[in-house]
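Just one chain follows, in the form predicted alone, and it is written as structure tokens.
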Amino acid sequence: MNYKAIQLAKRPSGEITPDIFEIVELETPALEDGQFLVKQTYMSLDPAMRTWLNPREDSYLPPVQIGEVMRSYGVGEVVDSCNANYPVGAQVIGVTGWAEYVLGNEEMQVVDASIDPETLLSVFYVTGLTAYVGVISIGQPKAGETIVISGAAGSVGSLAGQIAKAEGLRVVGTAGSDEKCRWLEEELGFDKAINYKTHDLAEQLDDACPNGIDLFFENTGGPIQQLAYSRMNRFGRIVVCGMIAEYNFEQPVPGPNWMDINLKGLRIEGFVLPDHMDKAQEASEALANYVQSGQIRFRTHVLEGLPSAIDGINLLFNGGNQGKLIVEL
């Protein structure tokens, strides 16, 4: 049986363009002992994919190589198995790829089939774990503090803000449209959401954070970074989760001066989830409690069909997605 997959044909120069990918047909492999075959049903599109396309070997994951199937996270159903731990019919989640079928691996998790894939990918897997680890483990929030979250309407940022709110913080987010800001305030309970495209961003940030900023959850880079950095309180923490506004740049933007790090005793820490998987159980239990208590809400933006990923991935970078970006296969 043949199936469709999307391989990397060449590396991007700046923005992701459709010509860097190639749709191919592959033959499903004959299984050996211990192997199992997964029919992918839902696939996550994430900003980190842009970094996986860079030919740098010192990152947390090796780059996707030319001719390889593009890497992704996904949910699927085991349709053939030579592994008793992954029986036919089981729902699994893990590292998959831009493909209709994938050869399973032992790092995949069998998950309750009653949990729908959109919820799994939006809350209980990489997205939710990232938000929890960033806010709780690295940010070390204290009730009454002020947190600013860039990219707050994104899948991670929106969860990070709700987690912070549940922990008693004043939550301020930035997003790229008035509609997204209304969603953050009216539905997710942010204390203030600011459209970062407005001309008076600095003034709005001052109004939203009258007591300064204790915790900055950085998802984007761009103008908000320097503005938030200069308003950090003593002993503030900056959690660097992503730099989506700058992933396509050939040269990185110069960062803030280190004077405030010294004089204010700031702590700045970057992180990627694979380095913190020892927190997965704790995070999953906490996320379940937030959901059950109504403290976490989410929305998804679902694309149809594997080829939709080729153009759809750029919704993450132009702000066109409305919620967690997922491909339904």
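Residue numbers here begin at 1 and follow the sequence given. Only a predicted model underlies this, so the values are computations on that prediction, with no experimental measurement involved.
Keep in mind that the form predicted in complex with a small molecule is missing from the display, and what follows is about it.
J.: Heavy atoms within 4.5 Å of the small molecule in the predicted bound form: does residue 183 have any?
T.: The answer is no: residue 183 has no heavy atom within 4.5 Å of the small molecule.
J.: In the predicted bound form, does residue 101 have a heavy atom within 4.5 Å of the small molecule?
T.: Taking the distances in the predicted bound form, the answer for residue 101 is no, it never comes within 4.5 Å of the small molecule.
J.: Contact with the small molecule in the predicted bound form for residue 48, defined as at least one heavy atom pair within 4.5 Å: yes or no?
T.: Yes.
J.: Though only this chain appears here, would residue 215 touch the small molecule in the predicted bound form if you measure heavy atom gaps against 4.5 Å?
T.: No, residue 215 stays farther than 4.5 Å from the small molecule in the predicted bound form.
J.: Can you pick the one in 124, 86, 247, 229 that has a heavy atom within 4.5 Å of the small molecule in the predicted bound form?
T.: Spelling it out, the residue with a heavy atom inside the cut-off is 247.
J.: Can you pick out, from 161, 117, 242, 139, the residue that has a heavy atom within 4.5 Å of the small molecule in the predicted bound form?
T.: None of the others qualify; the residue that does is 242.
J.: Assess the spot marked by 76, 108 and 307: is the small molecule within 4.5 Å of a heavy atom from every one of these residues in the predicted bound form?
T.: No, because 76, 108 and 307 lack any heavy atom that approaches the small molecule to within 4.5 Å in the predicted bound form.
J.: With the small molecule left out here, work out from 76 to 84, 109 to 117, 147 to 155, 198 to 206 which stretch has heavy atoms within 4.5 Å of it in the predicted bound form.
T.: So the stretch in question is 147 to 155.
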